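The chain below stands alone and is given in structure tokens; this is the form predicted alone.
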């Protein structure tokens, strides 16, 4: 985990990394992220030239191509502003994967500096800004999937802690929570049978608790699990956890949050 101190005061401006999955499948997660950040009084800038964090090529072993993508990202997100991303996976690429593939490159220091500015959004809210309570209300049971890539950040604790303060919301635990969902990006392509079996096991464990909703800080996991559930004829309502914060946000709750962190 990056050992970063909290911000002494909320930054006035952040850069937002919208991610490939937001662009293609989860636009609501991007919209919710922007609305939460702006609701907290933070200006959100979305660099229009952004493309990808470089993780697909990194995972596939094509580090030369991945470095080219990362260098473009370094240019697009240049500056000192925090970089906020609604994806633990893309965040991990920026502060863990990229430094690995740049170990012998002359721009390694810039890669590390950019990674240190990159925050998964729940980690940013909880550890960066010090928000400990979200005063909205939502009736129902929520299962939280902690993706493998968020284990290197404060995201799992942040999601459960913030959602746990929402009035009427009940967090439910399911068996084998640390098990991977089986997606793993290119892993699901290279080993589809193993990937499917891992995802099926995860779905079974989640559904045993009969949650009203499954949330996560990683959209790739949700896409994988929802797809498997639909193919097997099972219902698995799921969304990015930031959508739940946005959906329970109102003027009075924001006033409380802003006054108490």
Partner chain sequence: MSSQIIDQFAADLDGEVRTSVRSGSAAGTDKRHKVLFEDFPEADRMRELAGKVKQHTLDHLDKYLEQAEAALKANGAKVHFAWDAKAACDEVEAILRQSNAKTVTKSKSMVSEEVGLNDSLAERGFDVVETDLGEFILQLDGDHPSHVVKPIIHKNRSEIARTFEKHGLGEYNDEPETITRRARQFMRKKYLQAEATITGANFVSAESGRMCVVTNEGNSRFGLAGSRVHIALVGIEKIVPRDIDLSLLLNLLGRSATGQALTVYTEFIAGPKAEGAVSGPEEFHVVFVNNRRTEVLASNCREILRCIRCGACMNVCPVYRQASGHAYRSVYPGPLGAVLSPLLAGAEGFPELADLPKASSLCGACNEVCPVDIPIPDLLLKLRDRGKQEHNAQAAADTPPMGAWAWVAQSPALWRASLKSANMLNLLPYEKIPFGPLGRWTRDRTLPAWRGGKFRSWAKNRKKAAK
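Bear in mind the structure is a predicted one, so any value in this text is a computation, not a measurement. Numbering follows the first chain given and starts at 1.
What comes next is about the form predicted in complex with its partner chain, which does not appear here.
Remark: of stretches 110-118, 96-104, 137-145, 162-170, the one touching its partner chain in the predicted bound form is 96-104 (heavy atom within 4.5 Å). Although its partner chain is omitted here, in the predicted bound form none of 82, 89 and 258 has a heavy atom within 4.5 Å of it.
The closest heavy atom approach of residue 235 to its partner chain in the predicted bound form falls outside 4.5 Å.
In the predicted bound form, residue 247 stays away from its partner chain, with no heavy atom inside 4.5 Å. Within this chain, residue 183 lines the site of its partner chain in the predicted bound form, having a heavy atom no more than 4.5 Å away. Under a 4.5 angstroms non-hydrogen atom cutoff, its partner chain in the predicted bound form lacks residue 78 among its neighbouring residues. Residues of 185-199 lying near its partner chain in the predicted bound form, listed in sequence order, are 186, 187, 188, 189, 190, 191, 192, 193, 194, 195, 196, 197, 198, the criterion being any heavy atom within 4.5 Å.
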